[in-house]
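Have a look below at one chain only, the form predicted on its own, in structure tokens format.
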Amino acid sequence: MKLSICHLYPDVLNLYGDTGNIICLKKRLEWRGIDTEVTLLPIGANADLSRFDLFFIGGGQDFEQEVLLTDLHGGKDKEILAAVEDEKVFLCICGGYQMMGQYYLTHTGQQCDYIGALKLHTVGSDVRMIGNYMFKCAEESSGSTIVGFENHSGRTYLGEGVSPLGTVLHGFGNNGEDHTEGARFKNVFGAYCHGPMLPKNPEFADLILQTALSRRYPGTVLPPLGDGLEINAHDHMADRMEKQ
């Protein structure tokens, strides 16, 4: 049994330890005796995206997102769309999450057209939404409580057919207005959660892995791990925010 993971644009989309998500996924598979192949796909590199089971796209500043647009629209956008429709699994953080949407309108009025895999758009602001935050996932996305760190000036609004990943308990989330955080469409999971997200949210990490494994190997069930350290880290951050 083996999962193939593609890390898209690791050279420019890797803020606040986002690569830690790849390390976490790989270790949680290794601890269960499941082989993992991780392929880095920076700007200018090409690969057959149909051969991957799971994709990770991290966060970046507005400048980095603009830099990769030419490469993205050189064909990767169509391959990513095909992978989404084929129900491959995507974990997309911050800039990577925005990139899966239709467009980003900067606070200076410049529009960056993105992939359009999800019917959502982002509007830039000159005020940042920053700090530790917490949200509760919808039941179909594990129902777990997620702790992490957000730092974004973009305000994301979900459109038709796209469900929030969860509901904000502390912090800002998608836009600081409607109490939604992230997005779920097919097997695409998008969030503003840096930190990195997965190490201190093991239940959600296993949801990502279980979804990818079930698609590749129907009937596969992940055996449990001893997540004492991970849960302690999660609960420590949750307690800090609840006391604020």
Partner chain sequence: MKLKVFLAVFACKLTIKLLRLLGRGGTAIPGKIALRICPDLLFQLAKDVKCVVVTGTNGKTTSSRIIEEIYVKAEASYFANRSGANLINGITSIFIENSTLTGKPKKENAVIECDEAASKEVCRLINPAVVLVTNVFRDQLDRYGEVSGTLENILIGIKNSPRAVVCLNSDCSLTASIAEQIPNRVIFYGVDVPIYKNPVSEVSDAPHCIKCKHEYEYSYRTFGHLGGFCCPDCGYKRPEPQVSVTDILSTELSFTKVRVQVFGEDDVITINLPGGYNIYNAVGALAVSEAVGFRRMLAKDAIASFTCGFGRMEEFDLGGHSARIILVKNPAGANQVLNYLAGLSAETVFVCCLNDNSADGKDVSWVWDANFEKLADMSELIPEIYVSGIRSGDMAVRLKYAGIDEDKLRIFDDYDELIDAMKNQSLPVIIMPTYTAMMDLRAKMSTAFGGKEFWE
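Positions refer to the first chain, counted from 1. Keep in mind it's a predicted model, so treat the numbers as computed, not measured.
The discussion below concerns the form predicted in complex with the partner chain, not included here.
Stretch-level contact analysis of 165 to 173, 103 to 111, 148 to 156, 78 to 86 against the partner chain in the model of the complex, using heavy atoms and a 4.5 Å limit, identifies 148 to 156.
Using a 4.5 Å cut-off to the partner chain in the model of the complex, not one of 39, 138 and 184 places a heavy atom inside that distance. When the partner chain is considered in the model of the complex, residue 223 lies well away from it, no heavy atom lying within 4.5 Å.
Although the partner is absent here, residue 130 sits close enough that one of its heavy atoms falls within 4.5 Å of the partner chain in the model of the complex. Looking at residue 35, you'd find every heavy atom of it more than 4.5 angstroms from the partner chain in the model of the complex. Although the partner is absent here, residue 237 sits close enough that one of its heavy atoms falls within 4.5 Å of the partner chain in the model of the complex.
Contacts with the partner chain in the model of the complex, taken as any heavy atom within 4.5 Å, map within 193 to 209 to 194, 195, 196, 199, 200.
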